[in-house]
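Below you will find one chain, with nothing else, as structure tokens; this is the form predicted on its own, and questions on how it binds or moves follow later.
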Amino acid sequence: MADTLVHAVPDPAPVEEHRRAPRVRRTPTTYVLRFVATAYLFLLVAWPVSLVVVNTFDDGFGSIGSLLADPDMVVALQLSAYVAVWSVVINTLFGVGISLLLVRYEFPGKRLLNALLDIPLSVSPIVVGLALVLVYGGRNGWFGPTLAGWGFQVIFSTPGIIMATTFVALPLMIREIVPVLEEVGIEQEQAAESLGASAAQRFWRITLPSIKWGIVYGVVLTLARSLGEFGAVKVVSGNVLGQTRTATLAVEEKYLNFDPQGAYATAFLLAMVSVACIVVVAIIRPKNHA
């Protein structure tokens, strides 16, 4: 009987789990583009913001201490925080709902609605504030006299400030969530529906976890936009000291009244809140979310 030769079959080469991105060849053009981008960001963002920080601490922490010791400034900071929180809450609720409506459903006027959502980004905030005065003004507004008769004042009060701030920040939440919903698709939701999951269960267990990072980014952008809103708030607030003056309005008042140190300190606090939110999100987000 002939001997049977058995040859050991070599193990297949291990498959790389994560393939490296192809390297782009570095040319002089690459370095020029890097320099231009870095110089642009430095001159437009980093340098001006750093000057605010430097001027804030010219005399140590004295400007921050005197700012927090002023009762009117404390009220302005509290009002800005209050308005920003409400703007984030409202825009989150309506942003998620409108995003689901735009991505998951087809209906007449969908393109028009999608276009209208970009109006707050394309129209000047001054125009937004004036439009709200024309609609909700207490004397000549369409709904203002009726609401005033019910004891509810919108313009020159906190509700008007919240409404104006929410309006200008609305697209930021939606434009973060819509691409995520389009990328996720509906396959998982359809599979859950075929297994008997209700609409609420599909939303809380599948949809919401899949878009949570879009919501987080939208919250950060909305918060930063709400804290920094000036034009629309100035029109609808009345800028009453200790009542409807927000922190951004206080920055202008202090600078015009020859108190640049107080203006720098207020601007520094507003900027640091936004920067802190961005840093926290960058730390806690997963590595696969670029």
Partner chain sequence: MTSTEIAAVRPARTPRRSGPRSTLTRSSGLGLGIAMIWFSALVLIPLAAVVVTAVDGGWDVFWSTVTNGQTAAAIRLTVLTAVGVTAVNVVMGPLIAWVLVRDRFWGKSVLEVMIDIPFALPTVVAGLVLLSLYGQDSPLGVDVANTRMAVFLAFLFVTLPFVVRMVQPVLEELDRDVEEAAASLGASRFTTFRRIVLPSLAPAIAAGAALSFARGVSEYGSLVLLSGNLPFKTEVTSVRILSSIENDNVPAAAAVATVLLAISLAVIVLLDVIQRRVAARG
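Since the structure is predicted, the reported quantities are computational estimates derived from the model, not experimental observations. We call the rigid core the largest set of C-alpha positions that still match within 1.5 Å between the two forms. Positions refer to the first chain, counted from 1.
Just so you know, the form predicted in complex with the partner chain exists too; it's not on screen, but the next bit is about it.
Only one listed stretch (97 to 105, 146 to 154, 183 to 191, 73 to 81) carries heavy atoms within 4.5 Å of the partner chain in the predicted bound form, and that stretch is 97 to 105. Of the heavy atoms in Ser198, none are within 4.5 Å of the partner chain in the predicted bound form. The partner chain is not shown here, and in the predicted bound form it never comes within 4.5 Å of any heavy atom of Lys212.
For Trp204, no non-hydrogen atom is located within 4.5 Å of the partner chain in the predicted bound form, even though that partner is not displayed. Contact annotation: Val49 falls within 4.5 Å of the partner chain in the predicted bound form, judged by heavy atom distances.
Scanning 238 to 262 for heavy atoms within 4.5 Å of the partner chain in the predicted bound form gives Thr248, Val251, Glu252, Tyr255, Leu256 in sequence order. Core-superposed comparison between this form and the one not shown: the CA of Phe61 stays below a 2 Å shift. Relative to the superposed core, Leu256 shifts its CA atom by less than 2 Å between this form and the one not shown.
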